[in-house]
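In structure tokens, the next block holds one chain alone, the form predicted alone.
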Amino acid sequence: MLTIHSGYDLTAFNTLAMPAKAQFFTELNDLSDLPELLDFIVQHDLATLWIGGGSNLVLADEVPGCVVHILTKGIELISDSKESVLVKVAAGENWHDLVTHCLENERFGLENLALIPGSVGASPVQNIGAYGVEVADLIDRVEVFDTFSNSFVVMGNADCQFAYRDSLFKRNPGRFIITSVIFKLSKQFEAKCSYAALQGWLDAQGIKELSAQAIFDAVVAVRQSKLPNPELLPNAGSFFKNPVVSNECFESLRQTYPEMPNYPDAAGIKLAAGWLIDQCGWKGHYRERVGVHKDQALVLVNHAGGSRSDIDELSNDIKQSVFDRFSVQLEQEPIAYP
């Protein structure tokens, strides 16, 4: 049964701890309540924000419309072959818990994505990725409710139009309500540890024989060393995407900055946003209420009850300084709403 609240405090529902207030708020635990909820939304002509863990949001002080916290649960093995499995996961499941569950059951592929905050339903929206793996590589299909056609729809991987930190869902906010994600995972482990930070941790531990558990442990250790726990220091993880520049632009930059980290990309050369920001002197920069983490220039933190305007001002200043020095435009990764 739905309970709809008005004037609801959202501070605890976004990992940046923005002191936001929703016009209306409800929790969706059962998909059978969806028709009633949609009727309420239509009757009141409300904009709608569907949230999971709130780890990828920058909220305004006042959030109009209805905020829906998706809490549906369930992990189901729906196909099992010699080489792979299909696992159907409800949108409200915790992402890291899913990674742990799959590791324990020898379903491989997600281990590089350990410790990413948020829910399973949010993972396709942003096409979350880390240490050489994107979730798009592992998604077979996504089950959604399409508010345009007022029907449940199954969308194949290609239908989702995945790109770097992007998807059809992100480009059409509010239209598709993700109800579950079906992952295709391997029964044969294949190590992906090309990132220097992972290999460095494995070498430091003296690990020569790679396993999924070793990769998982390395990812968790590296993330914990670089990224603050949002429960202790509110943040939204990496605040900027790694920019992709043309080969010509990169060659020009490399003349001045030969040590600039870079990675090959289908669209050109991917640069490390954290390195660019660090070179501009932002790491550890603190203002009255918000700042840049002392160990990771990619992470903006809310250390003293900062608001959306505080974060926006800091973000814009960082983007401007990076552009002034490198002529590279940074793009914010978390979704600003509204």
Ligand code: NAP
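Don't overthink the numbering: it's just position in the shown sequence, from 1. Not measured: the values here are computed from a predicted model.
As for the form predicted in complex with the ligand, it is not shown, yet the points below apply to it.
At least one heavy atom of Arg223 is located within 4.5 Å of the ligand in the predicted bound form. A residue is said to contact a partner when one of its heavy atoms sits within 4.5 Å of a partner heavy atom; Ile41 fails this definition for the ligand in the predicted bound form, lying far away. Although the partner is absent here, Cys160 is not a contact residue: none of its heavy atoms lies within 4.5 angstroms of the ligand in the predicted bound form.
Taking the partner from elsewhere, Gln126 is found to have a heavy atom lying within 4.5 Å of the ligand in the predicted bound form. Here is the short version: of His101, Arg141, Lys88, Arg165, the single residue with a heavy atom within 4.5 Å of the ligand in the predicted bound form is Arg165. Proximity to the ligand in the predicted bound form, defined as a heavy atom within 4.5 Å, singles out one entry of Tyr131, Phe216, Phe189, Phe250, which is Tyr131.
Judged by heavy atoms within 4.5 Å of the ligand in the predicted bound form, the contact stretch among the candidates 30-38, 302-310, 266-274, 282-290 is 266-274.
Residues of 211-243 lying near the ligand in the predicted bound form, listed in sequence order, are Arg223, Lys226, Leu227, Ala236, Gly237, Ser238, Asn242, the criterion being any heavy atom within 4.5 Å.
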